[in-house]
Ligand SMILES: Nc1ncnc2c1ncn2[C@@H]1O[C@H](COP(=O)(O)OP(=O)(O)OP(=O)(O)O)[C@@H](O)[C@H]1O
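A single chain, nothing else alongside it, follows as structure tokens in the form predicted on its own.
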């Protein structure tokens, strides 16, 4: 784009401030978003990037300051007013109606009608929209039956369907594969070429470097700088985000367990949800990864192991003791816990505060004669808040108002409170920034160092290779190969995954 300072801004923000419950999360933010640009918003979790995106998109109302949209004051400013002025927002946390179809969700509220009678044209309109965006979905599929990656695509298509002049995309790639991210970036470029503006909130700095024209850095609720992306490096952006000249840190050093003592042994585990005879083991003090393409069945294997999905066959042995008919409650009692992929629907209770979310599975630890000792409860929760640098550091904070990354920290804290023997981590760093990733990665390494067995699932192959002592490749719910992360790179792993795709057969070790 032509970065002409005299161009009238698409959105002009002056002195924007936002506070929740008396706690300031944005302070005096002044910023111009230009027409026909892809503008990145970056910062650590809790820095205010998603909050600013929601203010610009009309989802939050600023408690201080003023907005102008294409030269006219934006007041009142809410989602309907924003849409009427050509501004749409695509949320990080999915805002879909699970019982409606793909097409119905995409065009919800903008259906075609004649004399008050809805026309059944959504499927045909969706076909046109998908052709221009590169995404492929079944228009009549019910949303609740789809994986998170496909639901993420629906959110993107919803924003595109509203023909907005400005589209705020809040972490749109968190559940997408590499190929799907490429498709999204091509769609964003097409929007820019049409003169539309994309505000891209993301913690993936490689994506920011690749696709944005300018990038705004936030730290602790304040604007640090707005920069021309082409004049920056990934290290310079990380330094601006973290302050004090800090740069991105490497993965923690792997410490090999002194002895190989099996903590978790799984043989032929299968379920009606996608696990298909998987066999694996994890030793005490060991981090073992599951790597697979989208839809490979990684999460389904973990859910069958812990009993979230009933196993139809197979055996789970925990520290030498086999148990059948596993359930989440039974597994937790035996010291095996799972951090699920979807923090809002499966991991957190969004209607209770931070402290209660952390301690909910452990209330017996804080109870005496059926009465909760709130002082002890808050002491333990406070220690975890400090350890994971949850921001705001408020035991009574409303979890709904926390950034996705800080919600993720609360979720992980919840399951580490009682030092589990085995922990299954499904996408533990999804939606978090470089600083929070370091905290989470160090916590995973510390768990293993204390003797816990860790089964790690991540869509980021680099994350598994960086943290795991061993890793399994997964296809169609089966383990198809075991690899050594120390001698493997991302290209080799991807080549192996595509080679195995559709076979579902374990290779003999070479």
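Residue numbers count along the first chain shown, from 1. Rigid core: the largest C-alpha set superposing within 1.5 Å between the two forms. Quick caveat: nothing in here was measured; it's all calculated off a predicted structure.
One more form of this protein, predicted in complex with the named molecule, exists but is not displayed; see below.
Contacting member of 300, 150, 171, 122, with respect to the named molecule in the predicted bound form [4.5 Å, heavy atom] | Exactly one residue meets the criterion: 171.
Quick one: of 493, 25, 13, 10, which gets a non-hydrogen atom within 4.5 angstroms of the named molecule in the predicted bound form?
-> Selected option: 25.
Look at the stretches 471-479, 439-447, 46-54, 453-461 and give the one with heavy atoms within 4.5 Å of the named molecule in the predicted bound form.
-> After filtering at 4.5 Å, what remains is 46-54.
Contact of residue 295 with the named molecule in the predicted bound form (heavy atom, 4.5 Å) = Flag for residue 295 set to no.
Would residue 401 count as a contact of the named molecule in the predicted bound form, using a 4.5 angstroms cut-off between non-hydrogen atoms?
-> Although the named molecule is absent here, residue 401 would touch it in the predicted bound form, with heavy atoms inside 4.5 Å.
In the predicted bound form, residue 392 touching the named molecule (heavy atom, 4.5 Å) | Yes, contact at 4.5 Å.
Considering only heavy atoms, tell me if residue 406 and the named molecule come within 4.5 Å of each other in the predicted bound form.
-> So residue 406 counts as contacting the named molecule.
Complete contact of 60, 92 and 203 with the named molecule in the predicted bound form (any heavy atom, 4.5 Å) = Affirmative, all three are within 4.5 Å.
Under a superposition restricted to the rigid core, does residue 24 display a Cα displacement of 2 angstroms or more between this form and the one not shown?
-> Yes, residue 24 moves 2 Å or more.
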